[in-house]
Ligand SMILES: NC(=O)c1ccc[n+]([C@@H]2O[C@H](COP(=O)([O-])OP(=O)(O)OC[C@H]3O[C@@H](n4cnc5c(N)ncnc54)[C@H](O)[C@@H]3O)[C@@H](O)[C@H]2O)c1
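One chain follows as structure tokens, the form predicted alone.
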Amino acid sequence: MNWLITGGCGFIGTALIRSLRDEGGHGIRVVDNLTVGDRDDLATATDFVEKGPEDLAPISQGGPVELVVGDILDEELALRAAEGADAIVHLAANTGVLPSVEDPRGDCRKNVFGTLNYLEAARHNGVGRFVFASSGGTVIGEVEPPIHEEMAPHPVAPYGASKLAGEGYCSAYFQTFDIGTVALRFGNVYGPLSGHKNSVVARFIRRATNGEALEIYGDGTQTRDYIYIGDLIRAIKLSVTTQGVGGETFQIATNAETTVREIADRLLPALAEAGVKDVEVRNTDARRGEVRRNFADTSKAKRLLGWQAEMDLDEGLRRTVEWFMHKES
């Protein structure tokens, strides 16, 4: 297959590209503005060539991975980059609750208009499958978990609202233009290659290895559903290759509720095993716009995609710590 991956230099993008390269036979093009991931991050996953927008030919199998440095708000770039693609995996976004609270308008531009540009690129280039990276808890808002796809969404933060808008456009492009859109509501993703990620697991490990205290926002009883990167990549690939799931939305998580305090407590043994000991854990002020409880019912993904999470949390944390330690050495 020929893949166009936006945000392909980031955590999830590089993990997906590494998996596709291991399979072999795929054509892969990346569009990334390099504000989070960069060329060095992409180089950890694959060899690549960098091309300007004016140099693009339709994506083809057998060639090297192509990196196009550009912004998802560039409509013309989107149209050119998608030529020859069988699937678009749209990972590029303004991510996180706090940035969206600080700049709601910027969050909207990136997450709504950026998504629209690549849906338009799919429409004009006859791309058969479009996978959209959404978010579980931030889209649904404050509800009694587990959250599932039939719940009415009530976003708490602008980030959740912009992701919900992206889901809405995916639905519209399936219904109106027959593009096989699939929206994946990711849980809290962690794992190797997450060096730039600012979610709780990566942040805790970075702070611990730098000799800093682990800071828990609020009382630490807020819960999340933590999914290992390898499990997530399987879900993305199944969303591209499984027939009959166009227009669907899936919760992609583990169906397990874990508090932030538990994550800190379960990280400490993995850190100690890696030689990082006597780590301080302290509480700080709670953040605005944060959902208190979040874990997902993933039965729909199991039923329609044949997918479920497999990685044990403690083993996943150990592998993540090991990767960070190797990266720093």
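The first residue of the sequence shown is number 1, and the count goes up from there. Source: prediction; values computed, not measured.
Keep in mind that the form predicted in complex with this ligand is missing from the display, and what follows is about it.
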| Sole residue of A85, A253, A78, A92 within 4.5 Å of this ligand in the predicted complex, by heavy atom | A92
| message | Since only the chain is shown here, I'm wondering whether G316 would be in contact with this ligand in the predicted complex (any heavy atom pair within 4.5 Å). | response | no
| field | this ligand contact in the predicted complex: V36, any heavy atom under 4.5 Å | value | yes
| message | How about F11 - does it come within 4.5 Å of this ligand in the predicted complex, if we only consider non-hydrogen atoms? | response | yes
| message | Under a 4.5 Å heavy atom criterion, is S239 part of the interface with this ligand in the predicted complex? | response | no
| Contact at G7, Y159 and V189 by this ligand in the predicted complex, all three, heavy atom at most 4.5 Å | yes
| Among 240 to 248, 255 to 263, 211 to 219, 190 to 198, which stretch has residues whose heavy atoms lie within 4.5 Å of this ligand in the predicted complex? | 190 to 198
| request: Between 63 to 91 and this ligand in the predicted complex, list the residues on our side with a heavy atom within 4.5 Å. | output: G70, D71, I72, L91
